[in-house]
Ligand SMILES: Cc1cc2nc3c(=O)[nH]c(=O)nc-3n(C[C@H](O)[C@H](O)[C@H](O)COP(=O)(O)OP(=O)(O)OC[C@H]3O[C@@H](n4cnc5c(N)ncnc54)[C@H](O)[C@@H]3O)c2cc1C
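Here you get one chain, nothing else, as structure tokens; it is the form predicted on its own.
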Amino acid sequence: MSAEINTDILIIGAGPAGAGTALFLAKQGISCVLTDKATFPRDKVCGDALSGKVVEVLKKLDPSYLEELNAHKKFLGSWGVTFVSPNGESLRVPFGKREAQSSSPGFITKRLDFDQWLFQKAKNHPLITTYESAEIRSYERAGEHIIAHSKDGAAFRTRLVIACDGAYSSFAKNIAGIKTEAAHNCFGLRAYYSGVSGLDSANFIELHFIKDVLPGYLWIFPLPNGEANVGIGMRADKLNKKKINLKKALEKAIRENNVLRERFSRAELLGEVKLFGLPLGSLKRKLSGDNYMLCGDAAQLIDPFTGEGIGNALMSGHYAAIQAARCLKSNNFSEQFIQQYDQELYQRLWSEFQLSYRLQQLVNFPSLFNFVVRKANSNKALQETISCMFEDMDMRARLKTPAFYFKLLFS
């Protein structure tokens, strides 16, 4: 391909942030060009969990999408989370009181399948023009436009770039000047297994807080066909300080941990173990400028405590589409005008990121974590409080106040 393609809006990266942005634009009757360096279907290293936030955004995009997911054999409904404290005690927490409902509050599916499902929605839409295998190598400004040059010689001339090209975004690094800092970055290791025993009957995801990798954790997420996504993640600065090899830490936990050893005794590793980066949203950044916005991992929007990424990516795409419509209507693509995007997105997410960052720091105290889990297992009211914290930010805020733990001691 060697030509110049003209478009008002160019979206770089067709993962959840990019495909979601394109679909939200199309819902407003706005056309765009959507590019990706890969050819779909393609894999993306991830925990593979679709949270309630994903469900919330997809419902805004098209309620019928949720009906599809509930009926899709590659999407597994998930009804809660199990926390395993450093001393091995488990706390099973349903997502609210939804276990009795027919529609799942969350899903688990391989990113290979979710990204392909969402990309096909975009590819099939008449207002969205897609280019696969279009790796953007460089950018230049030309008056009121940005020209993006792809590896194969194509040039995309646009008035607005929406960069959704992931954790290692070249646009975010070279044009927006976004830097990755170790204290606000995480590395995760993902593996697929078959034959892991003891998976939850309601497909609860599992977070194991093992002392060796605090403030990180090991996860086990059940998948269709009896498989499981198993991984381990830790903040980059802590990883460097403790000189931890994540692959060896995962192998050791599976081999030696009292809770996990028997469950993996007949498990079989499927494929390769893969490392990936998680740029955390614990630092507020400038997400837009003249003729551009950053979304998803390119905007570094991973939740510092839960590792939530897909929901925040889709949400950023929604806000970016709203702002893009304003830009077109006002014929204004200036930094000053586009910064509404930053303000609105952080108004929705920043308090959540701050609380999650504090909770991440709380996990550094294993004895306190053990105590909360032990107490919750014998106190139904506390169980319900923790359950509600997944949906209610005011409830989650209690976890960072000393009065909350004082009350626990004497309740």
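Predicted model, so just to flag it, every value in this text is computed and none were measured. The numbering used is simple: start at 1 and walk along the sequence shown.
The next section is about a form of this same protein that is not shown, the form predicted in complex with the ligand.
For the ligand in the predicted complex, the listed stretch (208 to 216, 194 to 202, 109 to 117, 254 to 262) containing residues with heavy atoms inside 4.5 Å is 109 to 117. The contact with the ligand in the predicted complex, taken as any heavy atom within 4.5 Å, belongs to Phe276 out of Phe276, Trp79, Phe75, Phe337. Checking Leu362, Val372, Val45, Leu66 against the ligand in the predicted complex, a heavy atom within 4.5 Å turns up for just one residue: Val45. The three residues Ala38, Ile136 and Ile302 all sit with a heavy atom within 4.5 Å of the ligand in the predicted complex.
When the ligand is considered in the predicted complex, Pro86 lies well away from it, no heavy atom lying within 4.5 Å. Mapping the unseen interface onto this chain, Cys32 falls outside it, with no heavy atom inside 4.5 Å of the ligand in the predicted complex.
Heavy atoms of Ala267 never reach within 4.5 Å of the ligand in the predicted complex, leaving it off the interface.
For the chain shown alone, Leu25 is not a contact residue for the ligand in the predicted complex, no non-hydrogen atom being within 4.5 angstroms. Residues Ile12, Gly13, Ala14, Gly15, Pro16, Ala17, Gly18 are the ones in 11 to 28 with at least one heavy atom within 4.5 Å of the ligand in the predicted complex, listed in sequence order.
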